[in-house]
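The chain below stands alone, shown as C-alpha cells; this is the form predicted on its own.
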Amino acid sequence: MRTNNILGLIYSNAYDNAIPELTGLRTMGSVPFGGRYRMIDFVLSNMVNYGISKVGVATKANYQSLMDHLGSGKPWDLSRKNDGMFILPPFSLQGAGGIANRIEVLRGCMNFLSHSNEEYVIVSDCNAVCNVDLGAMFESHAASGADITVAYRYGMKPALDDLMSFDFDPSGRAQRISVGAPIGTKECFSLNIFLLRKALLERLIREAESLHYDDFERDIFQRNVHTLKINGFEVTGFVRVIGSLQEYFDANLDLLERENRRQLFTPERPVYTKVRDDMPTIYGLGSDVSNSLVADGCTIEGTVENSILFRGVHVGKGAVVRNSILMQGSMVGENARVCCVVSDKNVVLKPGKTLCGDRSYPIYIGKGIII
C-alpha cells in the first residue's frame, strides 16, 4: 500500500466536552500536553511518520489556538506546493460547542474528500496519546481483507460514554460492538482511529445522510457489524485516552516514568511539534528539582517534585510545587505551596498562598487567574 495513496483526516474538536476546563477557549487538538506538546501532535506525527503527505484538519469552534500552533504545517513537513496540510473551515454553523457527531463532521468534509485522489483514508480523533505504527496497521488491513480496520486498546475503559467496545473472533473480526459499556471495566475499546477506502467512507456518509442517521457509532458501526468486515488492530505500548480532567492529569504525570517516555517517544517514530526557541531554564541557588519535566525558559528558585512545567514558568524562593502541571507563563510566588494542581497559561499564585488538591481530585486554575 503506497503511503501517497492515503489521505489523513483529523477531528480537532472531538471530545471537547470531556475536559471543558481546558477546552473552553481551545480545541481538544490544541490542549497542551507533556510540557511542550499539543494533543494533535501525536496523531499528526503518527501520520507523517508513515509518509502520509495530505492531511485535513476539521474544525468547528475555538480553533484560533489550533491554527496558531499548526501554522503552515512545516514542523510536520506538511508545508508543500502539492498536498500538505489543509485546515478545513467550520463544518457547521449550528451551535458553538464541540462536535455533535462524526457524521456531521464527515458531511462537512465531503468536498475535501471528493476532490482528493487518494484511495484510502485514515480518520482519527485527537484525544489519544499514543505512538501508533500505522505501517503495521495498514499491513494488517491489507492482509485481512477488511472493509474497516479500527485501532483499539485492551484495558480499563476511559470515562467516555460513547466510546465503542469490541468483541473479536480469533481472526480479528468484530462480532459484537457495544456503545456505552460501563466505565472502568476491562474492554477492547476503540482509539477512534479508522482505516478504510475513501469510496466506502463516501458511500457510508451518503447513506447516513439519506436515512437521516446522526450517530456514527450506532448507525455506521453497530448497524454494519455483520455486513461489513470490521477488523481490529491492537495498539501496544504507552496509550492514554483523555476522557476527563482526572485522566488528563494522570496521563501527564505518567510521563514522569522513564519506561513510559521510552515507549511514547521512540527514535523510529519521533513526535514532532512547533518549536518555540527560548533561553535555557535557570536554576537558582538553593533550588531543588526531582523527577520532573521542565521546559526551557523557566526560572526555578524553589522546590519542584513530580511535576511538569511548561515554557516560561517561574517558581519563587521557598515555593514548593508537587504533583502538579503548570502551563506556559505560570508564576508561583515566594513561599507559596502548590500540590495536585493543573494551572492553565499565565496563572499567578501570590507569595505565601497555598493551593492543594489530591491525586484523585486535582484542582484546575483557569487561564490568567490571579490567586
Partner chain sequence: MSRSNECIAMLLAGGQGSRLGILTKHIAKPAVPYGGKYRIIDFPLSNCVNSGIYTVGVLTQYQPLELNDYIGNGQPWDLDRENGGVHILSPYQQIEGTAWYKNTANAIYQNINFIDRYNPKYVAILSGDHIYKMDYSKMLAYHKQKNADCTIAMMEVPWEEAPRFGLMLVDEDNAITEFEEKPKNPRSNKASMGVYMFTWEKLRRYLLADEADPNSGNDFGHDLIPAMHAAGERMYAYPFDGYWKDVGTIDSLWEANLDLLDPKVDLDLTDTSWKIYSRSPACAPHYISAQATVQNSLIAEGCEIDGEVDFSVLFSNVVVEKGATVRDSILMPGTVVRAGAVVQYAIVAENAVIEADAVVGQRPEDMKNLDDWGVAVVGEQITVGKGAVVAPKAMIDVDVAPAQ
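Positions refer to the first chain, counted from 1. The structure presented is a predicted model; accordingly, all values stated were derived computationally and were not measured.
There is another form of this protein, the form predicted in complex with the partner chain, and it is not shown here; the text below is about that form.
Contact annotation: of the candidates Ala136, Ala199, Ala142, Val275, the single residue with a non-hydrogen atom within 4.5 angstroms of the partner chain in the model of the complex is Val275. Taking a 4.5 Å heavy atom cutoff to the partner chain in the model of the complex, the contact residue among Thr281, Asn260, Asn224, Ser116 is Thr281. Interface membership of Tyr50, defined by any non-hydrogen atom within 4.5 Å of the partner chain in the model of the complex, is ruled out. Interface membership of Asp147, defined by any non-hydrogen atom within 4.5 Å of the partner chain in the model of the complex, is ruled out. Taking the partner from the other structure, the partner chain in the model of the complex has no heavy atom within 4.5 Å of any heavy atom of Phe42.
At least one heavy atom of Asn291 is located within 4.5 Å of the partner chain in the model of the complex. Using a 4.5 Å cut-off to the partner chain in the model of the complex, not one of Phe216, Ile220 and Gln246 places a heavy atom inside that distance. Here the chain stands alone, but in the model of the complex its contact with the partner chain, taken as any heavy atom within 4.5 Å, falls in 261 to 269 among 190 to 198, 261 to 269, 117 to 125, 229 to 237. Residues are counted as partner-facing when one of their heavy atoms sits within 4.5 Å of the partner chain in the model of the complex; in 26 to 42 these are Gly34, Gly35, Arg36, Tyr37, in sequence order.
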